[in-house]
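The chain below stands alone, shown as structure tokens; this is the form predicted alone.
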């Protein structure tokens, strides 16, 4: 077999795949019937699936107390492995080491996996929030997620039994790392830039995607198909928008599209680093980090995620950052531009953001033609026309250009 041209998975020479198949899966499912049941949150279910498919290589289960603490404070697990966000499982009571559990999706009641408990521990939730999210403000959706966890964390190795509804509901988009790597290998790509998406692609996304294609062998449009906060555009609509855009405005042989099953944590810089970790596992050599990456509201500076990448120590992460400046439509330039290329003042610029687009669509406002491709707007307008109740979308400085800063 020819030697792979792709980057190694994080902390390993091969993917750590915990998803069982065939007879092994059938036997473990029988065993799961007899075990005490523990319900997973949507976030925990997504984390478990990522461990199953190798997306969280080299993790073998939910983190121990020492791993949790090291990740929160230093972004290092007990063994020194770089990891930026805790991957934990909570429960309402202490469970004795050695106990085996059946892990059940709280959304679908499906058996998702089994776990052998190694440790139960309690945590300072505010400590986690202030380190990971830089705030303990309950208005922050990621903070709310952590603060509403149960009282105990349960550590232990897992065996994964299911990928839930993702393979069927997002057929053709949802991918395992082994699948994306196979595609990249078949294309002969060495350098692959990952584009993280939780919004439909507007012109800024399109612009930075094409910058990445210019300097890489190919682009991996990798979109989140897990849960988002209220008011965000659901995954199936976003997938439709992106498919429409790629079909009409990209060289298809230069683009691969995929989806992954995580919920957004909105952890800004830390989540940007996590995106680099699992994109490396999916085979990507570079992670595009632009304005307000994985941010929410005004909790982070527009380029804090880039700064966090620059501050990584040597050897922490092999997937490199592809940093891209603030992008916008410039009426005087007559096209998309960035702070590095456009000499014109703010009044000549139209700042583009997913937040601004969602707000205009939700309120039925006018959307400038420069904001998004007409085919994409048609899909979005059709979706918003079906909504009986619309969530208020709050604007923040990073979405309007009012928080414009230099790095």
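Here the structure is a predicted model, which means the values were calculated and not measured. Basically, rigid core = biggest C-alpha set you can superpose within 1.5 Å across the two forms. Numbering follows the first chain given and starts at 1.
Keep in mind that the form predicted together with another copy of the chain is missing from the display, and what follows is about it.
Heavy atoms within 4.5 Å of another copy of the chain in the model of the complex map, among the stretches 174-182, 205-213, 124-132, 149-157, onto 205-213 alone. A residue is said to contact a partner when one of its heavy atoms sits within 4.5 Å of a partner heavy atom; residue 86 fails this definition for another copy of the chain in the model of the complex, lying far away. Proximity of residue 332 to another copy of the chain in the model of the complex: non-hydrogen atoms within 4.5 Å are present. Under a 4.5 angstroms non-hydrogen atom cutoff, another copy of the chain in the model of the complex lacks residue 165 among its neighbouring residues. Taking non-hydrogen atoms only, residue 312 approaches another copy of the chain to within 4.5 angstroms in the model of the complex. Just one of 39, 378, 341, 362 comes within 4.5 Å of another copy of the chain in the model of the complex, counting any heavy atom, and that one is 341. Scanning 248, 73, 240, 108 against another copy of the chain in the model of the complex with a 4.5 Å heavy atom cut-off leaves one residue, 248.
With the core held fixed, the Cα of residue 29 is displaced between the shown form and the other one by less than 2 Å.
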